[in-house]
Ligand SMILES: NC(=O)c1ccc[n+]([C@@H]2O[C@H](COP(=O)([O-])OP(=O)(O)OC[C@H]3O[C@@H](n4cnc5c(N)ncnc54)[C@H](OP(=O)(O)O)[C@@H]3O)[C@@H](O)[C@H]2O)c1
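There is one chain below, alone, in structure tokens, taken in the form predicted on its own.
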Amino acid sequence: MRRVLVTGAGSGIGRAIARSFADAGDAVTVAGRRAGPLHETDGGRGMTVAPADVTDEAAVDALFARPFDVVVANAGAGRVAPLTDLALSEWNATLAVNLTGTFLTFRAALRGMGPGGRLIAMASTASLKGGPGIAAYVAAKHGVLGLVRATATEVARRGITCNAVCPGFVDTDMGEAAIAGVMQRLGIDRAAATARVTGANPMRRLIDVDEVVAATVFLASPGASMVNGHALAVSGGEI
């Protein structure tokens, strides 16, 4: 039985990933800032609930009292704002949760991870291209992908892989927030806002959570043992 850690597991993609691993028989630990949503993620599956803020070095280190075989660094957040309106505190907070949180998670994981281990970062198409109004998020996610690629070269001889999943807009609360933000900013209805949000995706739809889960599960599988330092885009051909 593999031991799996998923951060940012209180909702959305993280919740779905954690449930997928648990339903497959893995021993799953879920981490996030609030215990309540983590217990909802568990839903009676027997997961270990470990409230922790990934920007807190001591809290992250405490998660790894025992080593994990698979670590999914999923915690992340972003805000839409023109660069000129972006406060330094917002910039720092975005880099802290997305980039520094992934660094702290991977660093702690590698101190005990053995051969066959899997490090997986939930990145974004924002790791692969720019976008207006999301400068801090793009910078942070580009950093995550750089961290993944550098880490992959360090751990390869240990039989460990490090990869990133890069989804576009996913049908989650975060995707809904993006649509709501476009509606408010442009004064348009939901259909028009959804069309704008999904416009870069040649399939012209939000990505289903299960499609992101499938990519993550693949990277954690034996069949992905020679996939290392890769950015797996789940974006309908956007990039």
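Note that residue numbering begins at 1 and tracks the sequence as displayed. Note that the structure is predicted; figures quoted are calculated from it, not measured.
The same protein also has a form predicted in complex with this ligand, omitted here; what follows describes it.
Proximity of S11 to this ligand in the model of the complex, heavy atoms at 4.5 Å: Within the cut-off, so yes.
T29 within 4.5 Å of this ligand in the model of the complex, heavy atoms: Result no; T29 lies far from this ligand in the model of the complex.
Contact flag, T198 vs this ligand in the model of the complex, heavy atom cut 4.5 Å: Residue-level check for T198: no, no contact with this ligand.
4.5 Å heavy atom contact, A140 to this ligand in the model of the complex: Looking in the model of the complex, residue contacts with this ligand do not include A140, since no heavy atom lies within 4.5 Å.
The single option of A52, M47, V182, V213 touching this ligand in the model of the complex, heavy atom within 4.5 Å: Selected residue: A52.
A136, V97, V148, I160 - the one with a heavy atom within 4.5 Å of this ligand in the model of the complex: That would be V97.
Answer range among 84-92, 70-78, 149-157, 106-114 for contact with this ligand, defined in the model of the complex as heavy atoms within 4.5 Å: In short, 70-78.
Stretch 159-189: residues contacting this ligand in the model of the complex, 4.5 Å heavy atom cut-off: Heavy-atom contacts within 4.5 Å come from P167, G168, F169, V170, T172, D173, M174, G175.
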